[in-house]
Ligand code: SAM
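Below sits a lone chain in structure tokens, taken as the form predicted on its own.
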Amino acid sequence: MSYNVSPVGFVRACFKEKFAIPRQPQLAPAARGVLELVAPFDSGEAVQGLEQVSHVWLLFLFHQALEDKPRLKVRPPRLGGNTSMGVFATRATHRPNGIGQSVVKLDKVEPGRLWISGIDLLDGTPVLDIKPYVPYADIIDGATNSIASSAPQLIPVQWLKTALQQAQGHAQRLDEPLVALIEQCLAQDPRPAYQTPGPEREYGAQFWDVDVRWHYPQAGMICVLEVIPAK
């Protein structure tokens, strides 16, 4: 038996590509976006009461990772990308039906728009449903997960003086906490865990409409090299 689902809206987000997106929500509080609802959910009636809620669950599609053939085992990035596990033991993007879930902070509610932060969602992500976060039911005392028992260990982020000045200028233009966003995302070390690049190798990702480039001057340290308009 098959079912058809349709998005209730689409996310306009700070992340324009998959690389450097936090691997879970809430790890980068400065990561912000807007969920733009589509008809008939773009009226005030559909969001009435959400102003009383601080966080919401979003059920969404990994729209850039949809596959015709389901995977039974995946290689989670958290385990270095070299260890396979059953798909249902992970939150990998390659999933049956391509469905993901994230709990995000609800900053503002408008008819047709929800302003959200702490997101781990790619720009253009289709959202299938929105559910209010209910603390007494969603917080489970004593819950365990030995695969992912704690948040990723953060590494220091340094800046070239010119790169920091560039980021501050773009932050003012965008009216977004761009410096904090870059630091929070890069501190989680977005590269695959099996890579140990030399200081000459540079990495890059787009946040909002700027390209950010960085490298690893030494093990366990990141240095931001430049923040320039995206091409």
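For clarity, every value in this text was computed on a predicted model and none was experimentally measured. One-based numbering along the sequence shown.
Missing here is the form predicted in complex with ligand SAM; even so, the following discussion is about that form.
With the partner removed from view, the residue among 16, 12, 23, 213 that has a non-hydrogen atom within 4.5 Å of ligand SAM in the predicted bound form turns out to be 23. Comment: ligand SAM is not present in this chain, but in the predicted bound form one of 105, 71, 75, 91 has a heavy atom within 4.5 Å of it, namely 91. The closest non-hydrogen atom of residue 64 lies within 4.5 Å of ligand SAM in the predicted bound form. In the predicted bound form, at least one heavy atom of residue 101 sits within 4.5 Å of a heavy atom of ligand SAM. For the chain shown alone, residue 116 is not a contact residue for ligand SAM in the predicted bound form, no non-hydrogen atom being within 4.5 angstroms. A residue is said to contact a partner when one of its heavy atoms sits within 4.5 Å of a partner heavy atom; residue 127 fails this definition for ligand SAM in the predicted bound form, lying far away.
In summary, the region of this chain contacting ligand SAM in the predicted bound form, judged by heavy atoms within 4.5 Å and restricted to 105 to 113, 134 to 142, 119 to 127, 154 to 162, corresponds to 119 to 127. Residues are counted as partner-facing when one of their heavy atoms sits within 4.5 Å of ligand SAM in the predicted bound form; in 147 to 165 not one qualifies.
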